[in-house]
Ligand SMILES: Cc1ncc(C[n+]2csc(CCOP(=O)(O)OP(=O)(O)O)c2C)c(N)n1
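Next up: a single chain in structure tokens, the form predicted on its own.
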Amino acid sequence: MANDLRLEEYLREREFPTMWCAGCGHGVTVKGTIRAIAKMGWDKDDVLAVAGIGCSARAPAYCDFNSIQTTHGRAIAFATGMKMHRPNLHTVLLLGDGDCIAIGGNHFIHGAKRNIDLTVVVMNNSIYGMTGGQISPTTPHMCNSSTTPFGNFEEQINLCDIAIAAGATYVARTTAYHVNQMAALIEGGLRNKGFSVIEVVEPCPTGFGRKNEFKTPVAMYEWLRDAAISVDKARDLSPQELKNKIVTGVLHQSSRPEFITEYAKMSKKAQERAKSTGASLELMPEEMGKFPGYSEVRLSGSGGQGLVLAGIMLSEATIKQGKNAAHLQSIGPEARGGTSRSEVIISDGEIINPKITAPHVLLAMTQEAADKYCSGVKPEGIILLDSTFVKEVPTAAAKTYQYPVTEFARDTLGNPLVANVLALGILARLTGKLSVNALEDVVRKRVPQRVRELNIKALWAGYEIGKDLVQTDA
């Protein structure tokens, strides 16, 4: 191990002294993590350190890497997004036991299930140290805390067993006493191409030790030393003999496909399939985009108008044309009649943030939606109002078109439920953003057979309406 490590090269010394109590194991674990990273020989700018909330949350702030502190329990979710965007970053999470396996338990399970290439170092001090010493999921049976003054009658959770069961490909455990083993096990996790979990059982002299008859921090480290047993020796012991022992070492190691690698393969497959579909998915010459490169589309109205499905179909048609798309949806608590919003980002390149800020295109199918969103459309953008319901046109800088979309779907096509597809046809022509053929291909696959031809009829009717609106405007 790198005994000649110049620790200060990896620290933000301006952030010192640390916030941790005397005897806290967090500093020991951070040093072990740094030693492991140094052994890997990585450039510091290629390392991302992520934390949630709690005493552990300050760990990345003391490390001179790219670092981020996220919300409570959501560190793995944040790290997943960052790793997807920047797969080249070596992403290490420094989490507390409560942060990781209580409120963050679901993200922990799904990170392991996906086998995404993250190294999760869990600093398990068996307590919620920052917020008052409350019981955590890993508080040992019958130990005291501020919320269990007569002892914890629940069994502690075994986060390593959960990680193994969920699909993590590298799982290990050590203690803050066993510093050399710790660095070696973390290094093993860093080398693993997949979801790696290293649990470090630590002392919390303030929140845990004082309530459980540990008179000094040294006594807690001595307990870790005496309670630890290697995984090899543990195999020959009975469950009763292993009671109150800490089994250390590599508990599980396996190999299976890593999430980002598989995602890249699937993305390539989807793009190749889109290219192989032929000319029907090519942009028509008259439809070359008015907003080349990147645009934001907001479809808004009320529940029951099919806006979520419209957003999905718009996204799929975009991808069929070889572009990237991101779709978000928002609906009110009511199944029908409540607010509904479907948002799509269309881009020739990467989409870093799926959140729409100022749309280029707005469809408003209720007065409430028009009043709320029209003013936020970019000046060079386009607004389509369903005048069936939008009787007062809000002031907006963008070009505004009005058409009784729902009324036409109801009275001319015989079914108001196809108004969403009718609107997509109109927008395809108004914006020049999408091939109507690509939309038709998606509609055929998305809608039930009994109404398929009606929806296709609505799509092309919308496209013709869009032509008329453009010509009238000219």
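No experiment lies behind these values; they were computed from the predicted model shown. When you see a residue number, it is the position in the sequence shown, counting from 1.
The form predicted in complex with the named molecule exists for this protein as well; it is not shown, and the discussion that follows is about that form.
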So, Gly54, Asn125 and Met130: all three within 4.5 Å of the named molecule in the predicted bound form by heavy atoms, or not? yes
So in the predicted bound form, does His72 come within 4.5 Å of the named molecule, heavy atom to heavy atom? yes
May I ask you to state whether Asp97 is within 4.5 Å of the named molecule in the predicted bound form, using heavy atom distances? yes
4.5 Å heavy atom contact, Val308 to the named molecule in the predicted bound form: no
Is there any non-hydrogen atom of Ile103 lying within 4.5 Å of the named molecule in the predicted bound form? yes
Looking at 186-194, 252-260, 130-138, 300-308, which lies within 4.5 angstroms of the named molecule in the predicted bound form, counting heavy atoms? 130-138
